[in-house]
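In the block that follows, a single chain appears as C-alpha coordinates, in the form predicted alone.
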(Lines give C-alpha, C1' and ligand atoms only; values in the text may rest on other atoms or scores of the structure.)
Protein backbone atom coordinates (compact mmCIF):
# COMPACT_ATOMS: atom_id res chain seq x y z
CA UNK A 1 0.00 0.00 0.00
CA UNK A 2 1.44 3.37 -1.03
CA UNK A 3 1.80 6.02 1.61
CA UNK A 4 0.30 9.43 0.66
CA UNK A 5 2.69 12.35 0.31
CA UNK A 6 2.33 15.58 2.32
CA UNK A 7 0.28 17.34 -0.34
CA UNK A 8 -2.17 14.43 -0.53
CA UNK A 9 -2.59 14.47 3.24
CA UNK A 10 -3.35 18.19 3.24
CA UNK A 11 -5.88 17.78 0.42
CA UNK A 12 -7.52 14.89 2.23
CA UNK A 13 -7.81 16.92 5.44
CA UNK A 14 -9.28 19.86 3.57
CA UNK A 15 -11.81 17.63 1.81
CA UNK A 16 -12.72 16.05 5.14
CA UNK A 17 -13.29 19.45 6.69
CA UNK A 18 -15.41 20.50 3.74
CA UNK A 19 -17.48 17.31 4.00
CA UNK A 20 -18.07 17.70 7.72
CA UNK A 21 -18.72 21.42 7.82
CA UNK A 22 -20.24 22.12 4.41
CA UNK A 23 -18.83 24.54 1.89
CA UNK A 24 -18.23 27.92 3.53
CA UNK A 25 -16.74 30.74 1.49
CA UNK A 26 -15.13 33.69 3.20
CA UNK A 27 -17.73 36.34 3.86
CA UNK A 28 -20.78 34.06 3.56
CA UNK A 29 -23.98 35.03 5.41
CA UNK A 30 -25.91 31.80 5.09
CA UNK A 31 -29.18 32.23 6.99
CA UNK A 32 -31.40 34.44 9.14
CA UNK A 33 -29.19 36.33 11.60
CA UNK A 34 -26.01 34.97 10.02
CA UNK A 35 -24.03 31.76 9.92
CA UNK A 36 -24.56 30.96 13.60
CA UNK A 37 -27.98 32.66 13.82
CA UNK A 38 -26.64 35.16 16.38
CA UNK A 39 -26.59 38.40 14.29
CA UNK A 40 -22.80 38.67 14.51
CA UNK A 41 -20.85 39.34 11.31
CA UNK A 42 -17.50 37.95 12.44
CA UNK A 43 -14.51 39.39 10.64
CA UNK A 44 -16.55 41.89 8.63
CA UNK A 45 -15.41 45.48 8.22
CA UNK A 46 -18.54 47.45 7.34
CA UNK A 47 -18.68 51.22 6.73
CA UNK A 48 -19.32 53.19 9.90
CA UNK A 49 -19.85 56.60 8.29
CA UNK A 50 -23.02 56.20 6.27
CA UNK A 51 -23.85 58.68 3.50
CA UNK A 52 -25.18 58.73 -0.03
CA UNK A 53 -21.76 57.66 -1.30
CA UNK A 54 -21.97 54.41 0.68
CA UNK A 55 -24.93 53.25 -1.42
CA UNK A 56 -23.07 50.92 -3.77
CA UNK A 57 -26.16 49.86 -5.73
CA UNK A 58 -29.90 49.20 -5.67
CA UNK A 59 -31.48 46.21 -7.40
CA UNK A 60 -35.23 46.18 -8.06
CA UNK A 61 -37.16 43.16 -6.76
CA UNK A 62 -40.19 41.59 -8.49
CA UNK A 63 -42.39 41.48 -5.40
CA UNK A 64 -42.77 42.29 -1.73
CA UNK A 65 -41.09 40.56 1.14
CA UNK A 66 -39.89 40.78 4.71
CA UNK A 67 -37.26 38.11 4.16
CA UNK A 68 -33.66 39.17 4.58
CA UNK A 69 -30.81 38.45 2.15
CA UNK A 70 -28.36 35.55 2.36
CA UNK A 71 -24.97 35.72 0.65
CA UNK A 72 -23.04 32.71 -0.62
CA UNK A 73 -19.93 32.71 -2.82
CA UNK A 74 -20.36 36.33 -3.91
CA UNK A 75 -24.05 35.91 -4.74
CA UNK A 76 -27.00 37.39 -2.86
CA UNK A 77 -30.17 35.31 -2.62
CA UNK A 78 -33.52 36.76 -1.63
CA UNK A 79 -37.16 35.71 -1.92
CA UNK A 80 -40.23 37.73 -2.91
CA UNK A 81 -43.95 37.18 -3.42
CA UNK A 82 -46.26 38.88 -5.91
CA UNK A 83 -49.77 38.72 -7.31
CA UNK A 84 -53.08 39.83 -5.85
CA UNK A 85 -53.16 36.84 -3.50
CA UNK A 86 -49.34 36.60 -3.13
CA UNK A 87 -49.44 33.18 -4.75
CA UNK A 88 -46.49 33.85 -7.07
CA UNK A 89 -43.23 32.99 -5.34
CA UNK A 90 -39.86 34.32 -6.49
CA UNK A 91 -36.29 33.28 -5.70
CA UNK A 92 -33.71 35.76 -7.01
CA UNK A 93 -29.92 35.62 -7.27
CA UNK A 94 -27.98 38.89 -7.56
CA UNK A 95 -24.26 39.45 -8.03
CA UNK A 96 -22.97 40.91 -4.75
CA UNK A 97 -20.37 43.10 -6.42
CA UNK A 98 -22.34 44.65 -9.30
CA UNK A 99 -25.97 44.32 -8.22
CA UNK A 100 -26.88 42.64 -11.52
CA UNK A 101 -29.50 39.90 -11.44
CA UNK A 102 -28.00 36.50 -12.22
CA UNK A 103 -31.23 34.53 -12.34
CA UNK A 104 -34.81 34.41 -11.08
CA UNK A 105 -37.10 31.43 -10.54
CA UNK A 106 -40.87 31.60 -10.08
CA UNK A 107 -43.19 29.10 -8.43
CA UNK A 108 -46.85 28.92 -7.42
CA UNK A 109 -47.84 28.65 -3.77
CA UNK A 110 -49.70 25.53 -2.70
CA UNK A 111 -50.57 26.61 0.85
CA UNK A 112 -52.40 29.54 2.43
CA UNK A 113 -51.06 32.90 1.24
CA UNK A 114 -53.01 35.36 3.44
CA UNK A 115 -50.82 37.54 5.67
CA UNK A 116 -50.93 40.71 7.74
CA UNK A 117 -50.37 43.89 5.72
CA UNK A 118 -46.92 44.36 7.30
CA UNK A 119 -45.93 40.87 6.25
CA UNK A 120 -45.85 39.00 2.94
CA UNK A 121 -45.74 35.42 1.74
CA UNK A 122 -41.98 35.99 1.42
CA UNK A 123 -41.44 36.62 5.12
CA UNK A 124 -39.09 33.78 6.15
CA UNK A 125 -35.43 34.38 5.27
CA UNK A 126 -33.78 31.79 3.05
CA UNK A 127 -30.96 29.52 4.22
CA UNK A 128 -27.98 27.83 2.57
CA UNK A 129 -25.51 25.04 3.24
CA UNK A 130 -23.02 26.61 0.84
CA UNK A 131 -24.02 24.30 -2.05
CA UNK A 132 -27.78 24.77 -2.08
CA UNK A 133 -30.30 27.44 -1.09
CA UNK A 134 -33.55 26.70 0.73
CA UNK A 135 -36.43 29.10 0.15
CA UNK A 136 -39.30 28.87 2.62
CA UNK A 137 -42.50 30.90 2.42
CA UNK A 138 -45.45 31.77 4.67
CA UNK A 139 -47.51 29.34 2.56
CA UNK A 140 -45.20 26.61 3.94
CA UNK A 141 -43.74 25.89 0.51
CA UNK A 142 -40.11 24.79 0.75
CA UNK A 143 -37.87 24.85 -2.33
CA UNK A 144 -34.30 23.63 -2.67
CA UNK A 145 -32.22 25.02 -5.56
CA UNK A 146 -28.55 24.87 -6.41
CA UNK A 147 -26.55 28.09 -6.64
CA UNK A 148 -27.28 28.31 -10.37
CA UNK A 149 -31.04 28.23 -9.82
CA UNK A 150 -31.79 24.63 -10.76
CA UNK A 151 -34.64 23.14 -8.72
CA UNK A 152 -33.37 20.10 -6.80
CA UNK A 153 -36.47 19.24 -4.77
CA UNK A 154 -39.66 20.73 -3.37
CA UNK A 155 -41.93 20.17 -0.35
CA UNK A 156 -45.46 21.55 -0.19
CA UNK A 157 -45.82 21.50 3.60
CA UNK A 158 -48.92 23.69 3.25
CA UNK A 159 -50.53 20.92 1.22
CA UNK A 160 -49.21 18.15 3.47
CA UNK A 161 -50.42 19.95 6.62
CA UNK A 162 -53.30 22.26 5.53
CA UNK A 163 -54.24 23.26 9.09
CA UNK A 164 -50.78 24.59 9.93
CA UNK A 165 -51.42 28.28 9.23
CA UNK A 166 -52.80 31.44 10.78
CA UNK A 167 -54.58 34.57 9.55
CA UNK A 168 -51.52 36.82 10.06
CA UNK A 169 -49.08 34.64 8.15
CA UNK A 170 -46.17 32.41 9.08
CA UNK A 171 -42.67 33.82 9.46
CA UNK A 172 -40.29 31.23 10.92
CA UNK A 173 -37.01 31.07 8.98
CA UNK A 174 -35.31 27.69 8.40
CA UNK A 175 -31.88 26.87 9.75
CA UNK A 176 -29.30 24.49 8.27
CA UNK A 177 -27.08 22.34 10.48
CA UNK A 178 -24.92 19.75 8.78
CA UNK A 179 -27.09 17.58 6.51
CA UNK A 180 -30.40 18.83 7.92
CA UNK A 181 -32.54 21.87 7.28
CA UNK A 182 -34.81 22.47 10.28
CA UNK A 183 -38.23 24.02 9.70
CA UNK A 184 -40.59 25.24 12.44
CA UNK A 185 -44.32 25.37 11.51
CA UNK A 186 -46.55 26.30 14.44
CA UNK A 187 -50.17 27.47 14.62
CA UNK A 188 -53.24 27.11 16.83
CA UNK A 189 -54.60 24.20 14.80
CA UNK A 190 -51.46 22.24 13.96
CA UNK A 191 -47.87 22.64 15.07
CA UNK A 192 -44.71 20.71 14.33
CA UNK A 193 -41.00 21.01 13.64
CA UNK A 194 -39.19 18.79 11.19
CA UNK A 195 -35.71 18.05 9.98
CA UNK A 196 -35.44 17.66 6.20
CA UNK A 197 -32.51 16.02 4.44
CA UNK A 198 -30.65 18.72 2.49
CA UNK A 199 -29.88 16.44 -0.47
CA UNK A 200 -33.13 14.51 -0.93
CA UNK A 201 -35.81 16.68 0.68
CA UNK A 202 -37.08 13.68 2.64
CA UNK A 203 -38.19 14.09 6.26
CA UNK A 204 -35.50 12.83 8.64
CA UNK A 205 -37.60 13.51 11.73
CA UNK A 206 -40.74 15.31 12.86
CA UNK A 207 -41.87 16.28 16.35
CA UNK A 208 -45.10 17.77 17.65
CA UNK A 209 -44.95 21.31 19.01
CA UNK A 210 -47.28 23.39 21.23
CA UNK A 211 -50.44 24.35 19.35
CA UNK A 212 -50.26 28.13 19.35
CA UNK A 213 -49.47 30.87 16.84
CA UNK A 214 -45.73 31.40 16.79
CA UNK A 215 -43.44 33.57 14.65
CA UNK A 216 -40.04 32.79 16.15
CA UNK A 217 -37.19 31.16 14.24
CA UNK A 218 -34.84 28.37 15.37
CA UNK A 219 -31.58 29.39 17.04
CA UNK A 220 -28.32 27.45 17.20
CA UNK A 221 -25.87 26.23 19.80
CA UNK A 222 -22.84 25.36 17.63
CA UNK A 223 -21.14 22.03 18.19
CA UNK A 224 -17.82 22.72 19.91
CA UNK A 225 -15.50 21.12 22.44
CA UNK A 226 -16.75 17.63 21.71
CA UNK A 227 -20.40 18.59 22.15
CA UNK A 228 -22.91 18.15 19.38
CA UNK A 229 -24.73 21.13 17.90
CA UNK A 230 -28.24 21.83 19.17
CA UNK A 231 -31.16 23.61 17.53
CA UNK A 232 -33.32 25.75 19.83
CA UNK A 233 -37.07 25.75 19.18
CA UNK A 234 -38.90 28.57 20.94
CA UNK A 235 -42.62 28.92 21.68
CA UNK A 236 -44.95 30.43 24.27
CA UNK A 237 -44.23 27.37 26.44
CA UNK A 238 -40.50 28.03 26.54
CA UNK A 239 -37.41 26.70 24.78
CA UNK A 240 -36.63 23.17 23.58
CA UNK A 241 -33.15 22.05 22.50
CA UNK A 242 -33.07 19.24 19.93
CA UNK A 243 -30.34 17.38 18.08
CA UNK A 244 -30.61 18.46 14.42
CA UNK A 245 -29.86 15.04 12.93
CA UNK A 246 -32.52 13.16 14.92
CA UNK A 247 -34.94 15.63 16.53
CA UNK A 248 -34.25 14.03 19.91
CA UNK A 249 -34.84 16.44 22.79
CA UNK A 250 -31.71 17.30 24.80
CA UNK A 251 -33.31 19.63 27.36
CA UNK A 252 -36.25 22.00 27.89
CA UNK A 253 -36.81 25.37 29.56
CA UNK A 254 -40.48 25.60 30.56
CA UNK A 255 -40.91 29.10 31.98
CA UNK A 256 -42.42 30.56 28.82
CA UNK A 257 -40.97 32.71 26.05
CA UNK A 258 -41.94 35.28 23.44
CA UNK A 259 -43.57 34.22 20.19
CA UNK A 260 -41.93 36.96 18.04
CA UNK A 261 -38.28 37.78 18.94
CA UNK A 262 -36.05 34.71 19.03
CA UNK A 263 -33.31 33.51 21.35
CA UNK A 264 -29.65 34.12 20.60
CA UNK A 265 -26.51 32.29 21.74
CA UNK A 266 -23.11 33.69 22.66
CA UNK A 267 -20.15 31.83 24.19
CA UNK A 268 -22.37 28.91 25.14
CA UNK A 269 -24.98 31.02 26.97
CA UNK A 270 -28.52 31.34 25.64
CA UNK A 271 -30.33 34.68 25.88
CA UNK A 272 -34.03 34.07 25.43
CA UNK A 273 -36.87 36.64 25.40
CA UNK A 274 -38.68 35.19 28.42
CA UNK A 275 -40.38 37.39 31.03
CA UNK A 276 -38.12 40.16 29.77
CA UNK A 277 -34.72 38.66 29.01
CA UNK A 278 -33.41 35.46 30.58
CA UNK A 279 -29.90 34.00 30.44
CA UNK A 280 -29.55 30.20 30.39
CA UNK A 281 -26.50 27.98 30.75
CA UNK A 282 -27.07 24.64 29.01
CA UNK A 283 -25.61 21.38 30.26
CA UNK A 284 -25.52 18.01 28.54
CA UNK A 285 -29.16 17.16 29.32
CA UNK A 286 -30.40 20.09 31.43
CA UNK A 287 -30.30 23.86 31.56
CA UNK A 288 -29.63 26.34 34.38
CA UNK A 289 -31.11 29.84 34.62
CA UNK A 290 -28.37 32.38 35.33
CA UNK A 291 -30.54 35.50 35.62
CA UNK A 292 -33.76 37.13 34.54
CA UNK A 293 -34.16 40.84 33.77
CA UNK A 294 -37.80 41.87 33.69
CA UNK A 295 -37.13 45.44 32.56
CA UNK A 296 -35.16 44.40 29.45
CA UNK A 297 -37.93 43.32 27.12
CA UNK A 298 -37.46 42.83 23.35
CA UNK A 299 -40.29 43.95 21.08
CA UNK A 300 -39.97 42.48 17.57
CA UNK A 301 -36.19 42.45 17.13
CA UNK A 302 -34.22 39.59 18.67
CA UNK A 303 -31.47 40.31 21.23
CA UNK A 304 -27.88 40.75 20.06
CA UNK A 305 -24.75 40.17 22.15
CA UNK A 306 -22.00 42.75 21.67
CA UNK A 307 -18.90 42.33 23.81
CA UNK A 308 -20.06 42.13 27.42
CA UNK A 309 -23.51 43.51 26.69
CA UNK A 310 -26.87 42.11 25.64
CA UNK A 311 -28.52 44.67 23.38
CA UNK A 312 -32.31 44.79 23.14
CA UNK A 313 -34.67 47.09 21.20
CA UNK A 314 -37.96 47.76 22.95
CA UNK A 315 -41.30 48.76 21.43
CA UNK A 316 -40.48 52.49 21.76
CA UNK A 317 -37.31 52.26 19.68
CA UNK A 318 -35.06 52.47 22.72
CA UNK A 319 -31.88 50.42 22.67
CA UNK A 320 -31.22 48.85 26.07
CA UNK A 321 -27.85 47.44 27.11
CA UNK A 322 -27.73 44.82 29.86
CA UNK A 323 -24.74 43.30 31.60
CA UNK A 324 -24.08 39.71 30.50
CA UNK A 325 -22.99 38.89 34.02
CA UNK A 326 -26.01 40.14 35.96
CA UNK A 327 -28.70 41.15 33.47
CA UNK A 328 -28.85 44.64 34.95
CA UNK A 329 -29.46 47.50 32.56
CA UNK A 330 -26.35 49.67 32.25
CA UNK A 331 -27.50 52.24 29.67
CA UNK A 332 -30.23 53.24 27.21
CA UNK A 333 -30.11 54.99 23.85
CA UNK A 334 -33.20 56.42 22.21
CA UNK A 335 -33.40 56.00 18.46
CA UNK A 336 -36.00 57.40 16.08
CA UNK A 337 -38.89 55.30 14.85
CA UNK A 338 -39.93 51.70 15.36
CA UNK A 339 -37.92 48.63 14.37
CA UNK A 340 -39.02 45.27 12.98
CA UNK A 341 -35.72 43.80 11.82
CA UNK A 342 -32.97 42.52 14.11
CA UNK A 343 -29.70 44.53 14.12
CA UNK A 344 -26.36 42.98 13.28
CA UNK A 345 -23.04 43.49 15.06
CA UNK A 346 -19.74 43.88 13.23
CA UNK A 347 -16.35 45.24 14.30
CA UNK A 348 -17.57 46.87 17.51
CA UNK A 349 -20.54 48.55 15.83
CA UNK A 350 -24.25 47.81 15.71
CA UNK A 351 -26.18 48.28 12.44
CA UNK A 352 -29.92 48.96 12.70
CA UNK A 353 -32.62 50.05 10.23
CA UNK A 354 -36.03 51.34 11.33
CA UNK A 355 -39.30 50.72 9.51
CA UNK A 356 -39.12 54.14 7.82
CA UNK A 357 -35.80 53.17 6.25
CA UNK A 358 -33.37 55.14 8.42
CA UNK A 359 -30.15 53.18 8.94
CA UNK A 360 -28.16 53.79 12.14
CA UNK A 361 -24.62 52.87 13.11
CA UNK A 362 -24.26 52.70 16.90
CA UNK A 363 -21.08 52.12 18.89
CA UNK A 364 -22.01 50.24 22.09
CA UNK A 365 -19.52 50.85 24.90
CA UNK A 366 -19.38 49.74 28.50
CA UNK A 367 -21.13 52.84 29.86
CA UNK A 368 -22.99 54.31 26.89
CA UNK A 369 -24.17 53.91 23.33
CA UNK A 370 -23.31 56.52 20.70
CA UNK A 371 -24.90 57.10 17.30
CA UNK A 372 -21.93 57.25 14.92
CA UNK A 373 -23.87 57.98 11.73
CA UNK A 374 -27.24 57.56 10.07
CA UNK A 375 -28.66 57.47 6.56
CA UNK A 376 -32.26 57.84 5.38
CA UNK A 377 -32.79 55.28 2.62
CA UNK A 378 -36.32 56.57 2.00
CA UNK A 379 -37.95 53.14 1.75
CA UNK A 380 -40.02 50.92 4.03
CA UNK A 381 -37.69 48.33 5.58
CA UNK A 382 -38.97 45.57 7.84
CA UNK A 383 -36.32 42.88 7.45
CA UNK A 384 -33.00 42.05 9.10
CA UNK A 385 -29.89 42.92 7.05
CA UNK A 386 -27.04 40.66 5.97
CA UNK A 387 -23.30 41.29 5.73
CA UNK A 388 -20.60 39.94 3.46
CA UNK A 389 -17.14 41.02 2.28
CA UNK A 390 -17.47 44.60 3.52
CA UNK A 391 -21.03 45.07 2.26
CA UNK A 392 -24.22 45.58 4.26
CA UNK A 393 -27.22 44.22 2.35
CA UNK A 394 -30.67 45.60 3.19
CA UNK A 395 -33.96 44.58 1.66
CA UNK A 396 -36.78 47.12 1.32
CA UNK A 397 -40.32 46.66 0.03
CA UNK A 398 -39.11 47.04 -3.55
CA UNK A 399 -35.30 46.93 -3.67
CA UNK A 400 -32.22 45.16 -2.45
CA UNK A 401 -29.70 47.78 -1.33
CA UNK A 402 -25.97 47.38 -0.77
CA UNK A 403 -24.07 49.76 1.50
CA UNK A 404 -20.27 49.69 1.30
CA UNK A 405 -17.29 51.98 1.69
CA UNK A 406 -16.74 53.99 -1.55
CA UNK A 407 -14.01 52.60 -3.77
Partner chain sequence: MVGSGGGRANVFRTALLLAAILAVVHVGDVLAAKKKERPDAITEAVGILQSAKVAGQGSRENQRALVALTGSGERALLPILEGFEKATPEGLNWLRNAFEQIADAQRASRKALPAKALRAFILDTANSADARRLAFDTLAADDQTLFDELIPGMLNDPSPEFRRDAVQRLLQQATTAEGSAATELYRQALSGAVHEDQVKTIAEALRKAGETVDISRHFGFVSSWKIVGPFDNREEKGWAVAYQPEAEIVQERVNPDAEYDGMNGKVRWQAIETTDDFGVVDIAKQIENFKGSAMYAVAEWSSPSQQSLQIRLGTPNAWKLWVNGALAFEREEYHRSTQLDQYSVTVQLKPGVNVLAFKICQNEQTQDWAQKYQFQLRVCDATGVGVLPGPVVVRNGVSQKTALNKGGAE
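Numbering follows the first chain given and starts at 1. Only a predicted model underlies this, so the values are computations on that prediction, with no experimental measurement involved.
Although not depicted, the form predicted together with the partner chain is the subject of the following passage.
Stretch-level contact analysis of 238-246, 297-305, 154-162, 284-292 against the partner chain in the predicted complex, using heavy atoms and a 4.5 Å limit, identifies 154-162.
By the criterion of a heavy atom within 4.5 Å, residue 166 is counted among the residues contacting the partner chain in the predicted complex.
The partner chain is not drawn, but in the predicted complex it has no heavy atom within 4.5 Å of residue 100. Looking at residue 112, you'd find a heavy atom of it within 4.5 angstroms of the partner chain in the predicted complex.
The shortest heavy atom separation between residue 205 and the partner chain in the predicted complex exceeds 4.5 Å. Within 4.5 Å of the partner chain in the predicted complex, a heavy atom is found for not a single one of 318, 343 and 407. Site annotation in the predicted complex: the residue of 269, 131, 106, 275 reaching within 4.5 Å of the partner chain with a heavy atom is 106. 213 is the sole member of 260, 330, 324, 213 with a non-hydrogen atom lying within 4.5 angstroms of the partner chain in the predicted complex.
Of the residues in 69-87, those that come within 4.5 Å of the partner chain in the predicted complex through at least one heavy atom are, in sequence order, 84, 87.
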